[in-house]
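Single chain ahead, written as structure tokens, the form predicted on its own.
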């Protein structure tokens, strides 16, 4: 059993791995996150399971691939019956609470069918991805002609803002995520041209400091009970806008140049070209737009790091740093114009590779403090890690949990390395699927990558994309049609097929229970292939021999 009593699971939204100074950003300094890396392990090859908020998070919260849990896009419900982080940890005696975002959609139809009332304890947990809720805030209260995107979004935060004097029906938009001009006009953060404006809000009232305080309030209330707190930040996800002093901190000399080439722009691949031609791809291909967004994006990350300083100082003062595992990661990255793309819905490292830093106060982790791990890691590895911190054997749950515990990496013990990583993306609800006239079954992509190569497979029947990661780490040159690399593609397809053959749906019986069934003679009376009683163990046939009955043949 690990010595960490509690788990502080911090997830940022849309944070690129290379926009932290401990991962090498030359101008964006993040000393507080770096300090946790110096006390723990920094994982340099951590990959998500889908480049979109909802499915990525559902994989993290279930420890299962998207292909297994089925919540393949935002607002696709996580089906009733999926066992989640909260279920596993409560079974191990550890509370599991949410402060912030999950992007989870409840399976209302499944709950109705099973008679689960949303206001019951069990129903509420099923409807909230297994978490008990301190405060859920998905950070989204946009409104259009069809109403709110998320009717429950930012409700408590809006109440907080009104109590602080920010009047209006939606201060989340009008103040926290918009600027203002000299005439008092709201400059909406939804428009990328306003990203270089300062958000019209006091910094301490903006979303990131607010969630930090809520996280501290949760931890203060726990006493001596073991807990996992999923402190799930909304930023640096769009709307890209930040209050002062962060709005003025960064300028073009601080920006990384976009990673892209004209050859990429001229790709003959219909799916890749379609993503480039989406509105967000075209917008981020403009340097004027990209420069404005980067001012805000880098400022938001700097604010996040400063709030980590507030949080970690409090943990030290209260002694919680000594009994709490701290995990820092993201649900996906952000292209920011790299490869002529915006957002995150493709498979370059800018999107699918994420920061992952783990600090474990246990003495067993002393040998790896301040080290960097080069092993291939997946986000589904976090849940088995947490199960073991809570004192259970994750290996006994390997029929459910598809990831691997990170504790061997933290403790410096020998562990077989994963040979490849998988990510999936279902774009069947996107306009691109309609433009390409794809059936939903065809509008899916899969990524399989090892340390040397990355293959992207398209169910649409289009040719694959292949990157040579060793010689082309920027993933600029597509070798998917190269005859010289046919053997490489075949090898990676073999790995993808190996992954697809796993028994992911068999979750109701453990592997150990199947192995136990192999041993010994039948003990429940079923006799198959036994010619005579002497061919079976006496105790196995005891109910069948030496018995008397009345002759009923006549």
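Remember, it's a predicted structure, so these values are computed and weren't measured experimentally. Basically, rigid core = biggest C-alpha set you can superpose within 1.5 Å across the two forms. Positions refer to the first chain, counted from 1.
Note that the form predicted in complex with a further copy of the same chain isn't included here; everything after this is about it.
J.: Go through 381-389, 76-84, 331-339, 225-233 and give me the stretch that gets within 4.5 Å of a further copy of the same chain in the predicted bound form, heavy atoms only.
T.: Selected stretch: 76-84.
J.: Counting only non-hydrogen atoms and a 4.5 Å threshold, tell me whether 312, 320 and 363 all contact a further copy of the same chain in the predicted bound form.
T.: Contact check failed for every one of 312, 320 and 363.
J.: With the partner left out of view, is residue 11 within 4.5 angstroms of a further copy of the same chain in the predicted bound form by any non-hydrogen atom?
T.: No, residue 11 stays farther than 4.5 Å from a further copy of the same chain in the predicted bound form.
J.: Quick check on residue 316: any heavy atom within 4.5 Å of a further copy of the same chain in the predicted bound form?
T.: No, residue 316 stays farther than 4.5 Å from a further copy of the same chain in the predicted bound form.
J.: Spell out, yes or no, whether the shortest heavy atom distance between residue 540 and a further copy of the same chain in the predicted bound form is within 4.5 Å.
T.: Looking in the predicted bound form, residue contacts with a further copy of the same chain include residue 540, since a heavy atom lies within 4.5 Å.
J.: Might residue 446 be said to contact a further copy of the same chain in the predicted bound form, defining contact as any heavy atom within 4.5 Å?
T.: Output for residue 446 is yes: heavy atoms within 4.5 Å of a further copy of the same chain.
J.: Have a look at 126, 401, 216, 376 for me and say which one sits with a heavy atom within 4.5 Å of a further copy of the same chain in the predicted bound form.
T.: Partner contact (heavy atom, 4.5 Å) among the options: 126.
J.: 119, 169, 220, 266: which sits within 4.5 Å of a further copy of the same chain in the predicted bound form by any heavy atom?
T.: By the 4.5 Å criterion, the partner-contacting residue is 169.
J.: Sequence order please: the residues of 108-138 with a heavy atom within 4.5 Å of a further copy of the same chain in the predicted bound form.
T.: Heavy-atom contacts to a further copy of the same chain in the predicted bound form: 109, 112, 113, 114, 115, 116, 122, 126.
J.: C-alpha of residue 24: shift of 2 angstroms or more between the shown form and the other one, rigid core aligned?
T.: Superposed on the core, residue 24 moves its C-alpha less than 2 Å between the shown form and the other one.
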